[in-house]
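Two forms, one chain: they're shown below as structure tokens, one block per form, named structure 1 and structure 2.
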Structure 1
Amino acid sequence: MVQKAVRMNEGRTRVEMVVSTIRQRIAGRSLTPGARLPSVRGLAATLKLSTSTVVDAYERLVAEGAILARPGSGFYVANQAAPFALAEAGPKLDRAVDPFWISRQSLEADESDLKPGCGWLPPAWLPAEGMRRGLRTLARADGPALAEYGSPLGLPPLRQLISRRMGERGIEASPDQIMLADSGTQAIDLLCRFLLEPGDTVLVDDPCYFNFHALLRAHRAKIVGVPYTPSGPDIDLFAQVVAEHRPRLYITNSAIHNPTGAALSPVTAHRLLKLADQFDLTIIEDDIFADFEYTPAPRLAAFDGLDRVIHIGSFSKTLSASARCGFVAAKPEWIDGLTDLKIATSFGGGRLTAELVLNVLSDGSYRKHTEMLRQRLSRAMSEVSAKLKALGITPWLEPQAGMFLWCRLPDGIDAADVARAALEKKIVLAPGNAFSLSQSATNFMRFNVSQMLNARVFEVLGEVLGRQGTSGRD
């Protein structure tokens, strides 16, 4: 009877596996409405299952309305397919390493929750008084600034200011080569719409910012990862991957890499650009952490002159996440096409936010604010690094700037288990596999040092690590 029960349970599991596989393919649009499903015998042979298991799975999907049975013809995806489910489009992950899990927990946390896994600064670290001054100035502005759509390219004085700021980092871009966006994320979204077709291959670092994965899946791209080193992507493997997969895009952070905190070396930058030219590769350089640097790291856009490199930035990290404003800098012929796409998807620009950002950036206090911010982050980096080491948590490298520490947990500790246990204590963490396409960062974790100056974070980490270590020895 026990063996029979086991076989029955295994049978149900196999049926559920087939159902889940078909649902995922429908949700990810690899099976489109009206598409014919593999034959029962064909799928059974492919999956090495019995035909009865596949029949049971197909019948369940028919009952749900996901597929249709046509006698004598086979099974087909229903014409009224379910809406695209982004969480279903990628590989099934443990919910604690799912980027949506981290984002939702961080964004929905209440004021008593601690968020060392989030990617932004505490409100007290941001220039609240400068924002208030900017809002007061804006309140006295004329009618168009408060009520009219912005131009598609964005507020001209702000684009001029961004052009000057980019020049300080060696990137030459006229204001007409700069288009404002609602955020750095929207900038990448527009670029993916502009440059990609479903099924195109995109190269990312492994690890990389986890929302790159989610955004690229939303565009039905094929994602390929290359291991990241302290000086940039592993350039030899990079060369192999671009030769084999011929990716359309490569998305990266040249300075203050997320999550590692590393910076691209000049040698790696030059070799990257040679490969990009050889294999007709376009590079999106995400530079949203630029104002955290003491000394600017090499920028691909500076070496390349905005030929194959598209440079994007944002002010959410240093000003306010509530006043969303980013930008794209690219060659003129691409800016024209991006502008049309921006009109099609969001019509005019967000003029009110652009006016506010311009006011704050033009205020002499902003440079003082960023200087103070760099000093605070440097002190926090040193303090947090020492406390983590005392718990047996080892930084992968000591970043020169920024807010992130990419750390290895003690041997045998699974970062996802730590994240789940810490969440019970109202602490949101960011386990490593959320950033790793290859899922090779099981015992890594990204820590935001600005969000770790509460002793309770280390108390809970110590308690959870001790418990995980004990259970691992049992």
Structure 2
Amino acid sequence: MVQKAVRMNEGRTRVEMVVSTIRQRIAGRSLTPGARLPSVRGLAATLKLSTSTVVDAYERLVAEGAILARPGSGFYVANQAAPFALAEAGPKLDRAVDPFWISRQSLEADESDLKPGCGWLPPAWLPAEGMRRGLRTLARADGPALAEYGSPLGLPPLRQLISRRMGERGIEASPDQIMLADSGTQAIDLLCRFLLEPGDTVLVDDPCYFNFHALLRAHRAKIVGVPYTPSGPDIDLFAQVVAEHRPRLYITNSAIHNPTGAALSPVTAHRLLKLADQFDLTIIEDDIFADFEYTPAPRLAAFDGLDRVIHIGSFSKTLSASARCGFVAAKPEWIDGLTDLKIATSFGGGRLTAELVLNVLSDGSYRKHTEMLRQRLSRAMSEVSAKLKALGITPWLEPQAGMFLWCRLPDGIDAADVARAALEKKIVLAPGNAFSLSQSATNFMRFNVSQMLNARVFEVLGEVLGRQGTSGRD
């Protein structure tokens, strides 16, 4: 029988805590396959919990297949390694800053829930009319377009269009250097499978997009961070970290950094590439926010000519997250191997969504749409920035484009506490430490300005901060 939920510091039940503790020990191999678990009584005494709590936890682990019960003998770790409990495999984080938990909250939220912490635009901002036209056009397509597997690299006219658009940003990539993928994330995942050996080190920004932490954990990579500045990574610290840790990869955004909104400066870009050369570092430049820019920031892929830089793009943020479409541009010698991996693991992508995206991009409305998006975001950013400042919440920088404001909360306030309190009022927020490998953003929060045009968000923020400020932790 599951105990009533008692709010512990992680907001979990006691049973969940015990389950989690045992899973961690198994994942970390301090309990190895076949090893005997502590007795129920023994563990209960150690953790100062009731034996029935431990019994419930052990029963759940048996149901999961992680442990076995041998009657009269006790509980044993299953002989086969337990499934890869990704959420347990990393450092034990407060749920409110755990990338897995935040992703679920955002993706599972009702339409009526307010989600200033999520990383996408509200559906109403996306070009529904363009999509509808594209779908009606697709309904008139020939049989093969509606039925066939995609070709290995992906729909040729869409790759040609992407090649032209990249050319407009100064990046030379022939259509045959471009491989379509389901999304930017899936493209990066495939690259990690292609380039990483287990235990390799990967460098990320601190702070960075929180799902990179989850993704790299899935690859069992060692993750190191480099602090981010308003003009890109701190280049002196970057040099030190790379010399010390010899990462295989560095993953970053050049334009509209997630979460800070900063843009890479030409000086930093140039020094970065020299260090990459010196240390044989491969760089993945995640450019999924490209169409939000007014003034293009330097692109590493443009300077480097796609030699050691791999360039990722996607239409999830500006067109639709529902029709999955992303792409990789890399040197030709790598595209072939990437394609083999794509076919082996998914037998290719969906031709239909590529045809749809091509339709929408080709009808001329997409450019107008992105212009309108940029203006709308610009207005929202001014408005939201002012309202946040009125609450004592101050942006770390004022981004020139994009949807994110990376803000410092009033002194001494823990963003995780604010996020927890807001969630009880059905508002999903994104506390800074979810983005920070070093957990050095306790006082920060990322706000998505497009999701904050409802007065209730500020009412609740005000209430929660008020309580936090005067009565300490909630």
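Counting starts at 1 and follows the sequence of structure 1. The term rigid core refers to the most C-alpha atoms you can superpose between the two forms while keeping them within 1.5 Å. Note that this is a predicted model, so its numbers are computed, not measured.
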Pick out the form predicted in complex with another copy of the chain: structure 1 or structure 2. 2
With the core lined up, does the C-alpha of G72 move 2 Å or more between the two structures? yes
Rigid core superposed, CA of C407 - does it shift 2 Å or more between the two structures? no
Determine whether the C-alpha of N454 shifts by 2 Å or more between the two structures once the rigid core is superposed. no
By how many angstrom is the CA atom of A44 displaced between the two structures after fitting on the core? 19.7
